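Shown next are two forms of a single protein chain, provided one at a time as structure tokens under the names structure 1 and structure 2.
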Structure 1
């Protein structure tokens, strides 16, 4: 009886700790959101979202900034998703956990995931901007962000593949399906939740990054005509207004609120599409 009572008390204590942690995280988010809404909502309008900044960002809107941000994130994800999914498939399906190459790749990913963003910015400036001759451009910024996103994306998708029960693979082999067909029509849909997690985390980091983009995509606040033009991301714009432009704080709050809304919208869309794709593919199995 004493051991049962201690077990119940321990379970209740664990529940209190978990609920308290969740409440604390939610409270921090709500506090940040309320601060942004209080100080920035009054300035957000259609004109603010579509017009160009003026007076060093103190007036005008963020239209070109939003365009540059979407282009940078698009370049990053277009490059990172094929490489990330391909690497995750190789690690999960074609190498064992004891493989020397597999362990080397995983250790490299873990190290890259902990590298400060400023180091990625210096690397992108030296390699993409100077060595490849891309200069300060949307493409340089997107490629740099792709390097930052890859560790998160690969590890998330790999975990998604490793969570798939082995009887999926054995059943496909018993039916005579090739490994490619099994991967495309069975394993990849089943790993959709892991892909969704990787996309959400990757897009969140790419869209909110500042330090790496200062050295690669630049500060220009006009609408880019191509990915080879320089462009200012929202995060860089917020940093510049709050740190370098006297009187720019009100518009910085409004831009931060737009960035948060954009992140919530993109993350919700990525999660919804992944789960819808998962449900549709499971229904056809």
Structure 2
């Protein structure tokens, strides 16, 4: 009887610990969310999103910064999508798990996925800015981010292809269809969920990045005239306002809220799509 009572007490205790740890985590999340909303929402307006910053960003809005961010993310995705989709197609459809090239590519992508963003920053500044002579530019930043988002993009697209039932491939082959047209007309549309998840995740990853951009796309907060101009990403703007600009906190709150809202939207979409179509969660994809 005694041991039974003890184990029941233990069970009660475990229950209390579980619920309170879960409550703690939720509380931190809600605290952060509410803090950003209460302090940032008052300043976020159409005016704020479109006007230029003034007085080092203490006043004015984030118009040019939004433009630069969009450009950097677009460059990254335009470069990453063909390489990413091509690689995913190769890994999923044209190579067995034992093939040498396939194994090497997979292994190297796993490593690439772990490389810290600051190291990407170093690489970008050495390779794109210096060696290729692109300087501090949106192009340098976008290309650096393209390298960064490739692993997650490839992984999701590959999962998308692996979810396609094998009989599609068999019956296409039995009809004498070439692999090229099977791929273009049958498999690619069927892998659309994976493509969508990879795309959204890649955009999210790119939009969230800061460290890799500080010394590749730079700090200039004017509206860029071309992708060869330096441009300040939203995340860099938040960093700069909060660290280097005394009195920048109010506008940093507003910018952080904009970025947070954007990413909750993007990642919410990615995670919803991944659950519905691929049956997985995005962090362990």
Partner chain sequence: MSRFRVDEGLLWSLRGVAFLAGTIVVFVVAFVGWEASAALRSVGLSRFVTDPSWYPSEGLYSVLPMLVGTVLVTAGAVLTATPLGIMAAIFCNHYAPAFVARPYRRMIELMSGIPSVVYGFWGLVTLVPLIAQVEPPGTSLLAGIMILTVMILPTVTLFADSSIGRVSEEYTRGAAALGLTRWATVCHVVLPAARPGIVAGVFLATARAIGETMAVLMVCGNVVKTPGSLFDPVRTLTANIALEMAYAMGDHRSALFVTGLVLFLLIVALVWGAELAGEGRARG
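What we label the rigid core is the largest C-alpha set whose atoms superpose within 1.5 Å from one form to the other. The structure presented is a predicted model; accordingly, all values stated were derived computationally and were not measured. Positions refer to the first chain, counted from 1.
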note = Between structures 1 and 2, the form predicted in complex with the partner chain corresponds to structure 2
task = Align both forms on the core first, then report whether residue 260 has a C-alpha shift of 2 Å or more between structures 1 and 2.
result = yes
inquiry  = Is the shift of residue 32 between structures 1 and 2 large enough to count as movement, that is, does its C-alpha move by 2 Å or more after the core is superposed?
reply    = yes
ask   = Once you lay the two forms on top of each other by their rigid core, how far has the C-alpha of residue 12 moved between structures 1 and 2, in Å?
value = 16.3
